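Just one chain is shown here, as structure tokens, and it is the form predicted alone.
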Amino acid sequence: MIKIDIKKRLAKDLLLKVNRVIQKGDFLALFGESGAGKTTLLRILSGLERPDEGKIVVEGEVWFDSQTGFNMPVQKRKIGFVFQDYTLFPNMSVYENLLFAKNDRQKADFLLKLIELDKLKDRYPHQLSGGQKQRVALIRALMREPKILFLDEPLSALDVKMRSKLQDELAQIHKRLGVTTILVSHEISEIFKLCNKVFVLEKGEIKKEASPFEIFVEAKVASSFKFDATILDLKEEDFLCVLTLSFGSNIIKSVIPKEEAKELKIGDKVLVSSKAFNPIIQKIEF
């Protein structure tokens, strides 16, 4: 469990003020406009920035306490940090990058196999694709078995196909290892796919805290509409299939007969239209 109760002045008229609890094993998203305080909160939790006042306790261990003046150094906090720009050492091989984080060959071998890059362990960063570099950066962050994994828009520089693949791998890694993860992202579909909880920050304060479904899914459905969407999830229930669809910055759910869902799978692009308030789902063929 992570207990956060901090304040930090970001600007003359902007105060970051957070008093929340994050459960162990959560995959939490920080969502909000630029300048709302998302990255600053990550930096405070990691020790890269110091709050003006407050307290941070992680699994019973005090990381910051303004009353006593204690501020645990970054290197002593069991954290992993993955940025957008990979930050791999260019003069080290993939394997050497991992062992630099922690000299544990068994752990390195396990993580490389987990992301299916074990055959590339002797390559250098310049010999890898962008997606491969980010996967290495991710498992390097996991080498020290962190209590918290911080992800600051780590996939935003990748193309849509690679981004989707790495989202799947992130979800699998989180399911396998269960490390508490905090993600900064502006992509609603990414948050919906990965996270079980969302903090919505507005002007330095958390205005909403709920599941992605409760935060983003719109209840209102127009009587006439047509749009392209991506299938995020399919769940069969008796003779029906519940689809979770992403379009633009919106997430919706729709129910169709199980028979009509036979040819559909997660990741498919579909055309959604209406007829007398009943949604019609058609797969888009490329």
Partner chain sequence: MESDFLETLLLTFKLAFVTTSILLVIGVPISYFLAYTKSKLKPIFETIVSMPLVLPPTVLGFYLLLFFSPESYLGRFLEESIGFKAVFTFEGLVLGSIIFSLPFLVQPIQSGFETIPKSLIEASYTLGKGKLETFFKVLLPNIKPSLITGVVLSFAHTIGEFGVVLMIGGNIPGETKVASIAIYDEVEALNYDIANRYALVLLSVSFLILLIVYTLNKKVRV
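Residue numbers count along the first chain shown, from 1. Everything numeric in this text was worked out from a predicted model, so none of it was measured.
One more form of this protein exists, namely the form predicted together with its partner chain; it is left out here, but the text below deals with it.
Interface membership of V184, defined by any non-hydrogen atom within 4.5 Å of its partner chain in the predicted bound form, is ruled out. Among residues of the shown chain, L48 is one whose heavy atoms approach its partner chain to within 4.5 Å in the predicted bound form. In the predicted bound form, its partner chain stays beyond 4.5 Å of every heavy atom belonging to R135.
The closest heavy atom approach of H126 to its partner chain in the predicted bound form falls within 4.5 Å. Relative to its partner chain in the predicted bound form, residues K8, I44 and F70 are all farther than 4.5 Å at every heavy atom. Only one of 112 to 120, 99 to 107, 159 to 167, 186 to 194 places residue heavy atoms within 4.5 angstroms of its partner chain in the predicted bound form, namely 99 to 107. Shown without its partner, this chain lists A171, A210, L177, M92 as candidates; in the predicted bound form, only M92 has a non-hydrogen atom within 4.5 angstroms of its partner chain.
Taking its partner chain as positioned in the predicted bound form, the residues of 69 to 101 that bring a heavy atom within 4.5 Å of it are, in sequence order, V74, Q75, I79, F81, F83, D85, T87, L88, F89, P90, N91, M92, F100, A101.
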